[in-house]
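First, one chain by itself: the form predicted alone, in C-alpha cells.
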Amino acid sequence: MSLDQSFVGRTYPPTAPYQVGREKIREFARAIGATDAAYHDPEAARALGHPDVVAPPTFPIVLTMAANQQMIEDPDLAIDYTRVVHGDQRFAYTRPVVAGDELVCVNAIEEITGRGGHVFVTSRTEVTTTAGEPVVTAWMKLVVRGEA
C-alpha cells in the first residue's frame, strides 16, 4: 500500500471551537490518574499563576482527534482505518491549556513515508485560541499496516 505524496502539506479547515471546561479537565485528569492539585483545584492553579485549572499535558488529544478525523476520513487520501495503528504522539506548548479557553485546531499532513510495507503518516495540528493565540502544536504518527 502507498499513499500519494502530493498530500504532504495539505491543510484541513479549522475545527469548530472547543470550549475547555473545568470539569472536562478534572475528568481527564482522573481518567489518567493525574493528581496534581492544579488539575483539580482552581485555587491551587491560581497560586501557580494560572487563571483556572490547568489541563494535563496530554489533554489536547481530546480536541486534536476531531482535526485528525478530517484527514482519516479524506476520501482522496484513502487511509484504510482498519489497518491503522497509533505510532507516536507529541506536544510542544506555547502555554498551558486552562479552563475557559476556547480552542480551534488546524490539521496538516506533514510527512508520508513507507518502510517495510507499511505507510507512516505524520500530521501536525496547530491549536490556537479563537483569537489566534498559539497554545500547543500536536504531532501524531499513524502507521497504516501493509497487507501481509
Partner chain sequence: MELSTQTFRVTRADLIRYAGASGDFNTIHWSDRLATKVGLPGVIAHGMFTMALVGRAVTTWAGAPDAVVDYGVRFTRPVVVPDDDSGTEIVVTAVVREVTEDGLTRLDITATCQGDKVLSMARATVRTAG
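Residue numbers count along the first chain shown, from 1. Since the model is a prediction, treat every value here as computed from it, not as a measurement.
Beyond what is shown, the protein has a form predicted together with its partner chain; the following relates to that form.
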Is it true that Tyr12, Pro17 and Ile72, all three, sit within 4.5 Å of its partner chain in the predicted complex, judged by heavy atoms? no
Spell out, yes or no, whether the shortest heavy atom distance between Glu27 and its partner chain in the predicted complex is within 4.5 Å. yes
Flag Asp52 as yes or no: does it have a non-hydrogen atom within 4.5 angstroms of any non-hydrogen atom of its partner chain in the predicted complex? no
Can any non-hydrogen atom of Glu102 be found within 4.5 angstroms of its partner chain in the predicted complex? no
Since only the chain is shown here, I'm wondering whether Glu43 would be in contact with its partner chain in the predicted complex (any heavy atom pair within 4.5 Å). no
Residues from 41-66 in contact with its partner chain (non-hydrogen atom within 4.5 Å) in the predicted complex: Leu48, His50, Val54, Pro57, Thr58, Ile61, Val62, Met65
